[in-house]
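Just the one chain here, the form predicted on its own, laid out as structure tokens.
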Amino acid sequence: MAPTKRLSTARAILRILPYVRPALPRITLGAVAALVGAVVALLIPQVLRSLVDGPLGEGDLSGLWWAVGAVLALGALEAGMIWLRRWFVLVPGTHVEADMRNALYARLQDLPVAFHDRWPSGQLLSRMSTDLSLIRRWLSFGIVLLVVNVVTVAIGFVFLLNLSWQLGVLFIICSIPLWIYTFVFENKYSRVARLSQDQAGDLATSVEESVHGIRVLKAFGRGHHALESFTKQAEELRTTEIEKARAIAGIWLWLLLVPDVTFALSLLGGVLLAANGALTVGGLVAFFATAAVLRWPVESIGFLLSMTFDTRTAVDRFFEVMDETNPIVDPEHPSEASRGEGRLVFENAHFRYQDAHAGSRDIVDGVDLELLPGETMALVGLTGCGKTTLTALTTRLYDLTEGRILLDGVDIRELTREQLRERIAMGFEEAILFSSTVRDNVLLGRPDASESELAEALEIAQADFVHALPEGLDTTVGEEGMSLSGGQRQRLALARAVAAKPSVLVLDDPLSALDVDTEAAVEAGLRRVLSSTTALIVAHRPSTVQLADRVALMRDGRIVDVGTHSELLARSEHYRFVISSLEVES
């Protein structure tokens, strides 16, 4: 997870402008309303000045009522502006958050499997939820008040200088240490804020892994070990949060201490000026009333700055995902998508992972292989020889590093990924289901399939058990299908691949979780499908090999022999060894 290039806080946050632009009018109106309210609040001390130096100073109580009415009107106007500010800014922030969340999810769907191999799911979840929520709160609250309060302080200083330039200058000089500490605070807080959000993502990953692996933890009695690991991570996060709290406490110390010291010095100076006739009593009252109005804007700067720096970190983390380079892209001018016969050809196919050590061999190391239309080919080899990786290359879950794969004479990189994956369907050894209905899971690759096609796919996969579920095909299978057995999940995954009606069917050991009788029934059903569909099947059982017209023997990333099962048994010692190993495993 490489961090984005370090930008200034303002430039970093401005990167979300394309998402924020539709909301800018309402956010701007909210800021204007807040600023009007702040200016109105600053006018109230001016009314008090006129009241003290006028009617009260002259003992004319009849002049009191206009001042009371003016303060009441100004107060009501300020409250109305605060209500307007909230009304303007609350909704736009939610739209921005939704747009950014949708964009992030779309990006996660588009990025290749290699990206998801590197990134912990908890880090992605924390960006999708916590970070985007931070950005929404800052847009709806933080940025508006930060800008308005800074402007309010500047306008307030003008009022103070107008009331008494001596006290105004004193007020400004005393605030200088506060601004200096603010810059120090940014560097310190930004570092710890980033660390905190990353640690929260790691903690989310630990929770997710523990929940998904709860059966394993319980079966091996390792719950205590998992708790110790979680507690250690939680303690690290707690320590970081305390460091954050200390940083915030530091700026709060200055935000509270500096105004109090300034008030004390201003009071001393104001009394001396009033005693010497350089400042009226009304002016002194107005000065301190104005300073009191400015106290909240000054004190709020601390938590508004911390919110801003948290948001800057959230923006950085968001764009770490959005800026990821996706090497697997659709061609600018894709070839026409025709159904074709299903001829699949590997020509000098090579693949290695990006983080592979220099000098190490490719996982797929120069594979040449041709599957004829309608042919079923079994792919066999010892564990680690590259079989699963080779099957993943057919749908561009990973991209070749050298060579090419042809589908009906067209390089698969000349097809869009949608075109390619409509014509090649995959069934994985690890049967992943989604928290949805049985129907939705089976028809994932072809939602418009008819009821008869759905029934046929279930029959071929021997998944008739679904009709006995509480709501039949409309039963929600639960997260990752864990409410079903391993064999049931695998049969539904196989039905999903069959229901897609592809030109080419790629199956990675699709029968590993089935008992012998069910396996035999599934194989009989598959024979009907495979009679008209090109198929590449990774075989880990001798019975699966029997489904194939031909067998490809893979060794150390290469196809070393191709032939029928009997031909390879007769001429290949390594094939006999592999088959004997499969028999032992089964």
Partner chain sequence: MSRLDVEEERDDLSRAENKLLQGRSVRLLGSLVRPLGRTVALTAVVILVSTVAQVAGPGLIALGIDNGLPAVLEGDWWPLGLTVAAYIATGILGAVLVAWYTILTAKLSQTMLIDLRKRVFLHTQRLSLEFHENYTSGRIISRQTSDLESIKELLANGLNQLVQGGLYMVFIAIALLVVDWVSGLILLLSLVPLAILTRWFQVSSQRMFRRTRVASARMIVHFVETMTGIRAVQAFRKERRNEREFGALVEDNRDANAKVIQLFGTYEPVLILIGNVTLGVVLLVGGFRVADGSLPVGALLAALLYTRNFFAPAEEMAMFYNSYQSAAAALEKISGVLEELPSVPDPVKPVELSEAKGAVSFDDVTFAYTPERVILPSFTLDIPAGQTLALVGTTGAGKSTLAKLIARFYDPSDGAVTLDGVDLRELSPADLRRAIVMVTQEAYLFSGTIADNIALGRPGADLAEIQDAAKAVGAHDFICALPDGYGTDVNKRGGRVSAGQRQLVSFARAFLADPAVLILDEATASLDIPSERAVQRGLQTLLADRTAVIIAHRLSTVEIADRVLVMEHGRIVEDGAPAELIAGDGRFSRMHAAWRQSLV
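It should be emphasised that the depicted structure is a prediction, and the values quoted were computed from it without experimental measurement. Residue numbers count along the first chain shown, from 1.
In what follows, reference is made to the form predicted together with the partner chain, a form of this protein that is not presented.
Student: To test your reading of this chain, name the stretch in 78 to 86, 171 to 179, 340 to 348, 366 to 374 whose heavy atoms come within 4.5 Å of the partner chain in the predicted complex.
Tutor: Flagged stretch: 78 to 86.
Student: So, Val36, Arg317 and Thr325: all three within 4.5 Å of the partner chain in the predicted complex by heavy atoms, or not?
Tutor: Per the other structure, none of Val36, Arg317 and Thr325 touch the partner chain.
Student: Which of these residues, Phe309, Tyr398, Phe159, Trp138, gets a heavy atom within 4.5 Å of the partner chain in the predicted complex?
Tutor: By the 4.5 Å criterion, the partner-contacting residue is Tyr398.
Student: Heavy atom to heavy atom, is Gln546 within 4.5 Å of the partner chain in the predicted complex?
Tutor: The answer is yes: Gln546 has a heavy atom within 4.5 Å of the partner chain.
Student: Using a 4.5 angstroms cut-off on non-hydrogen atoms, would Thr130 count as touching the partner chain in the predicted complex?
Tutor: The answer is yes: Thr130 has a heavy atom within 4.5 Å of the partner chain.
Student: Taking heavy atoms only, is Val148 within 4.5 angstroms of the partner chain in the predicted complex?
Tutor: No.
Student: Heavy atom to heavy atom, is Val32 within 4.5 Å of the partner chain in the predicted complex?
Tutor: Result no; Val32 lies far from the partner chain in the predicted complex.
Student: For the stretch 537 to 569, return the residues whose heavy atoms include at least one within 4.5 Å of the partner chain in the predicted complex, in the order they occur.
Tutor: Stretch hits, in order: His540, Arg541, Pro542, Ser543, Gln546, His565.
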